[in-house]
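This document starts with two versions of one protein chain, written out as structure tokens and named structure 1 and structure 2.
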Structure 1
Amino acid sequence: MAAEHASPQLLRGVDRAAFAVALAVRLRDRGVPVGLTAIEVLARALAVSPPRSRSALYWTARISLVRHQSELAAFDAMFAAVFDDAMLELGAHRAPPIGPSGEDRLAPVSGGARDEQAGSGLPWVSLPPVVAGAEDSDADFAVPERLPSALAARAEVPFDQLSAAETRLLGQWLAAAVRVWPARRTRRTAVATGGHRIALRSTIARSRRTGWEPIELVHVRAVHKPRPVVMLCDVSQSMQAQATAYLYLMRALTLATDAEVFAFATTLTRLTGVLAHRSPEAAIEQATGRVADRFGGTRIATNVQDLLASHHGHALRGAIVIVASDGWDSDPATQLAAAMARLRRRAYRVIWLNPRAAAPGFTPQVSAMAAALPYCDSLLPADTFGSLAAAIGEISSAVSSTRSRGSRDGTARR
């Protein structure tokens, strides 16, 4: 406190606007999107209450510039980097380095060669394949104009026998397959001819045409929204063959239904943001880069627990939860049973996709799979794109038929 009085004002004579912009640019360099509004707020805040101590400056800048809890770490790092050593030599008058960030955006995104490398079977193989797949590169040049029937035939081929280009095409085909998705009734209403309740506002507004005599009654009915979906995809060693295909499934769900999607092996990675990218190639590539624990073991129970405890755990309420894994788990089965029980209580439906379930004579004998099964509504095979599409169809028909039947003849919904 004494020091504060001794130095009445920090940053005396500093150009506040330049200072705010300099801080914002440094923050942007660390990946935090800082808007112009935020910079303006910081400049005004500095004017209103000139900081008298380092911590005052810290809070002023943090409250003005940061808009998200996940950005706090980056901000703290930036603040420490700027102010830890040199107090007033932070180059407030230096022009913000616009160059590099602008150039970054123009950098070439992907070439044909990179696609080939990324799609050659396993997405997280960091080394390029020893022998470049000749037919893959041919397929890239030949502009594959495939007929739906040809695709449908390839849809029954196991994932590991598909080329990268085929995987990509089938991924797009899958996105088209997720059209109908189970809905839930929201508390919001919209004008509809067959509605049950009268919308007073629209009725009175319309009665203006009939001399204020409310002749035409306007009805509203509840709006239905796609049911939230949360998908957890196992990307451990034992699931490498399926992982790319599952990424395409997760992308299809993200685009169609605002799903929350996660990949896990030993730790949980949220992929919702990156998979929503416009270009499928870029989305899959970024998602692959995001998953740090590829080649790892599997800890299903720990990851389900982590998801439940994190703030994304709220997204599970009333959601259709899809777990894609072969059930090889290094956590104890009792732990998984406890985690699945909690998941089941929070979710609307729990669906397990197992690539091995398609094999003839499959029985869930892996201890983790057996432990999780009582808490799953269904266990569906998922070894080909065809079975993935069938699984989607099954999910949407099973859930939505319950809904429509329930609303028609008044039976209680399960």
Structure 2
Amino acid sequence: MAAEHASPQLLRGVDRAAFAVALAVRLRDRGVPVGLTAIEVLARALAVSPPRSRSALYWTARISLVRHQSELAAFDAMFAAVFDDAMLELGAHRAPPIGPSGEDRLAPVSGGARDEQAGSGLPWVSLPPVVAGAEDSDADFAVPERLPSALAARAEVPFDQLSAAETRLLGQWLAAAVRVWPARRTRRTAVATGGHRIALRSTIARSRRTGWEPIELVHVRAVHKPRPVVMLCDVSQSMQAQATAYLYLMRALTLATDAEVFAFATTLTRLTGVLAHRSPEAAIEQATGRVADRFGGTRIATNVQDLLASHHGHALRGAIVIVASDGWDSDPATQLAAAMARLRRRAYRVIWLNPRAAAPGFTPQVSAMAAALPYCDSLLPADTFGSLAAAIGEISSAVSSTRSRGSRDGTARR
């Protein structure tokens, strides 16, 4: 037994999962039903007790993969076909070298099986191939090259150059970027072990168990919830290329932060309910059909005033308000400035997303945009899905850093 433990492992450098799957596939070809559980059991058994001889490997595989006595003949035939005449004595100094290229390398097995195809060996080695050499080293080994996926590369393509399928996929990709959203502190508290405040009422109530001696203190801390967000999306003629992508952004905000979302051209349309649909395609289709005046004129000032005067105006208090528009407005600039001033006083932050802001040397020369800009906290480009994701990240980091500074200031004052 001691000599057996001292011998080198039989399958050193072998991908155990691929090895187990390869054996299972060959058994299935011979009519033996091998389930995923048996494959997992074999992979775990090889990890816990690495076989050091062909006999140990035989019994490990047989116990893991075979369930009925009628399957033993097929298993023995498969094992003999694979391992007869195979060089299994791969000691510590016989580890297969890593090839310069190619996918998972298969070790040819010259077994006596007549029904095994040539070159269809077992996956002895499935380490990632080496693709490039290190710059400051003459060694042959280097880290595998990582390339962006095709979908990530399309995220920097303008909206009007994307197909409907790509827009749908990137819309789902964008939803992942909105999962992290800044939170705000509420007046509610919850019991927490690490809380910095002592709940007197709860502490006194618990002291009944100890003769009214407050031995155990109950700590609480403030409850945080996602910062409310309200988004207004311009769906006029000049924003036709960006409308669908912005609808995906509004849907992501609706699902992640319970946002209130509106589309506007000449009138204001609330889309919160339809965009919360479970199916993205159905949500976008219903939202597009709900806006009757889409791809027409634009009245930004009128719609902002309508929102402030409606019963949805209370949603603006303490909220992050995102306005997605190119700023082309048929209303007077003074009217928009007055509406934006009211909006700024009510909101926590006002963010303006402008697809034209990504152009080099962009300056807000449109009168409406110039009138609204003094009341905006940020003007961010939004011409691609990548810029939309970056804008979400910038909004989150800016709000979080502001909250951190406020917390530090409050601590200093105390």
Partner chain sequence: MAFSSIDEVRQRLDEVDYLVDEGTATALFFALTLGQPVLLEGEPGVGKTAAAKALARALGTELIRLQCYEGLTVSEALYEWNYQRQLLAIRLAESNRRTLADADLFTEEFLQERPVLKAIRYVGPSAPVLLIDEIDRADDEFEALLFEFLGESSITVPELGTFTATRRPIVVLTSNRSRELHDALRRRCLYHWIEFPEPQRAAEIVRRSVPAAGEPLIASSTEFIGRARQLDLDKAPGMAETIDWVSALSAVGVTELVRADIVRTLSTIAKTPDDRTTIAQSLDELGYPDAARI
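Rigid core (definition): largest C-alpha set, two forms, superposition within 1.5 Å. Along the sequence of structure 1, residues get numbers from 1 upward. What you see is a predicted model, and the numbers here were worked out from it, not measured in a lab.
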item: Index of the chain form predicted on its own, chosen from the pair; value: 2
item: C-alpha of residue 53 off by 2 Å or more between structures 1 and 2 on rigid core; value: yes
item: C-alpha of residue 71 moved at least 2 Å between structures 1 and 2 on rigid core; value: yes
item: Shift of residue 37 between structures 1 and 2 at or above 2 Å (CA, core fit); value: yes
item: Distance moved by the residue 214 C-alpha between structures 1 and 2 (core-aligned, Å); value: 4.4
